[in-house]
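Read the single chain below, which is given as structure tokens and is the form predicted on its own.
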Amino acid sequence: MHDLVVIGAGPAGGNAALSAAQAGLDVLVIDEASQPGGQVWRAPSLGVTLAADPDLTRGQAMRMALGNAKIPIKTGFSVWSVAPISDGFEIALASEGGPEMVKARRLLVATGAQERVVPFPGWTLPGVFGLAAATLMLKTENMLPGKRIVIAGQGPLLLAVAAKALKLGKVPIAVVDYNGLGAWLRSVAGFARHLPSFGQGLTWQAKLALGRVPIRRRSEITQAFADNNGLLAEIEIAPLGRGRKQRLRVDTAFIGNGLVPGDEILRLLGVKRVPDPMTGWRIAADAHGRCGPSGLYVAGDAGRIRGALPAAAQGRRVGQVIARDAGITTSFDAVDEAPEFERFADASCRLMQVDDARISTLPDEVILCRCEDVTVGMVRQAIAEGAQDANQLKHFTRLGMGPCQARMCGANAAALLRSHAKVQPGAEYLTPRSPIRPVDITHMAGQFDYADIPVPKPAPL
């Protein structure tokens, strides 16, 4: 039984663990990755040397602080179920070493964000990757696959991946930006609230201009085409509204349309979502991260999409709040930087907005749930036949029954339900169930020898 278990060792979870441990709590941190840092402050793979940048520097500083504080961290562990118990929470884990169960009087969920992709015909072809996958490869291996690449979608991550690809010597055939120049200019006032990040964004823009990378603004990929081997060979780009479509020969595409909270554990514990004008929804929590059952907290993008720096600041504050709730007097000496980033985060999220009308007009043949090959047309048919919520869609079509458990298709399916059915608020999302992550059966069995299996004596005749 630990005073506090933190699920997620990114900017929010890592900093919360440091604050709580400094106050005197017994803290355990659990994370799927091999090292703390999360997606944004991710550590490079062993033997890979990366040029210094702010994210790498911040991640190294946090990893060093966690090590110096001697906070136990279970890396490489998947949390597949969490349940409330009389004196706290019971967390089920799995790893190569087998299953484990840990208990906590208090639980902090800091599981970050998940990528959202607006699908199009051909988006499941080999050679099409998410922008999040691109950042993972850049941060861990300092590489990107492909020779003729295109980067498409919306939001600041679009420019970040394009600029880093250029640094690797991979000049994108095009950057396809759903937003127009006007949308970016309207975001300047918000971005300027945090000058270091604003300056970094301007540097990315300048590098793309100097590299003569074509930027197709107010445009989107409308279709991807395969070669004779079934691999990505061409994409079709269309401007929003009127304009001529263009086909480009490519072998790799990186696509992404913003982020949504990774909140499965919280919803499994009964925490409600509330509407959010920027990203669709956020977790219902108070200003100090308290949510749901007593002793449950959230910090970072798992609760509301704000970005890495606000998540780190919130994590430090929530860690102190947890210590106070445990009866330890703290001075709240962590600087609450969240207000400084509020307008910056809003500006970023505004560029990542996906309205329901955009999903409702997708062609019937587009695959919505790639795990189960469920198309947009199949969802529309299910709604016409009486499916009025996400769980009924699941029964009618198998949508959300694959390995990703609707993490990729859930937001888009919800948009279709809102557009085509009289769905009750909240019913457009699947009821969360364990296991919340795919679990390797060997991780559940653990390490054993058949000689270790007790064999009962034969029953008497």
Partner chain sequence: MTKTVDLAVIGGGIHGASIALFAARGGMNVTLIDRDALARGASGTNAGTLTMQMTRAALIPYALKAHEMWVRAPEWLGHDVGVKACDGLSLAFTEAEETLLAERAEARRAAGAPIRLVTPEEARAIEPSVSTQIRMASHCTIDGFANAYLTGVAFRRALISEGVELQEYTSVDAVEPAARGYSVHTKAGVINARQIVLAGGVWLEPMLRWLSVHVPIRTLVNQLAVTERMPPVMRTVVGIASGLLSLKQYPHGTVVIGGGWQGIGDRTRNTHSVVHDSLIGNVRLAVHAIPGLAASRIVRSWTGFEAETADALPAVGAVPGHEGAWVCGSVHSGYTSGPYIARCLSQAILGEEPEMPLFPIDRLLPAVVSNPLK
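Note that the coordinates shown come from a computational prediction; the quantities given were computed from them, not determined experimentally. Take the two forms, find the largest set of C-alpha atoms that superpose within 1.5 Å, and that set is the rigid core. Positions refer to the first chain, counted from 1.
The form predicted together with the partner chain exists for this protein as well; it is not shown, and the discussion that follows is about that form.
Contact between E90 and the partner chain in the predicted complex is found at the 4.5 Å heavy atom cutoff. Looking at P99, you'd find a heavy atom of it within 4.5 angstroms of the partner chain in the predicted complex. Among heavy atoms of K394, some come within 4.5 Å of the partner chain in the predicted complex.
Residue contact with the partner chain in the predicted complex: G230 places no heavy atom within 4.5 Å of it.
You can rule out all but one of 51-59, 400-408, 65-73, 38-46: in the predicted complex, only 400-408 has residues with a heavy atom within 4.5 Å of the partner chain. Contact annotation: of the candidates F120, W80, F129, W204, the single residue with a non-hydrogen atom within 4.5 angstroms of the partner chain in the predicted complex is W80. Checked against the partner chain in the predicted complex, the candidates T124, Q223, Q388, S360 yield a single residue with a heavy atom inside 4.5 Å, and that residue is Q388. Superposed on the core, the two forms barely differ at G24: its CA moves less than 2 Å between this form and the one not shown.
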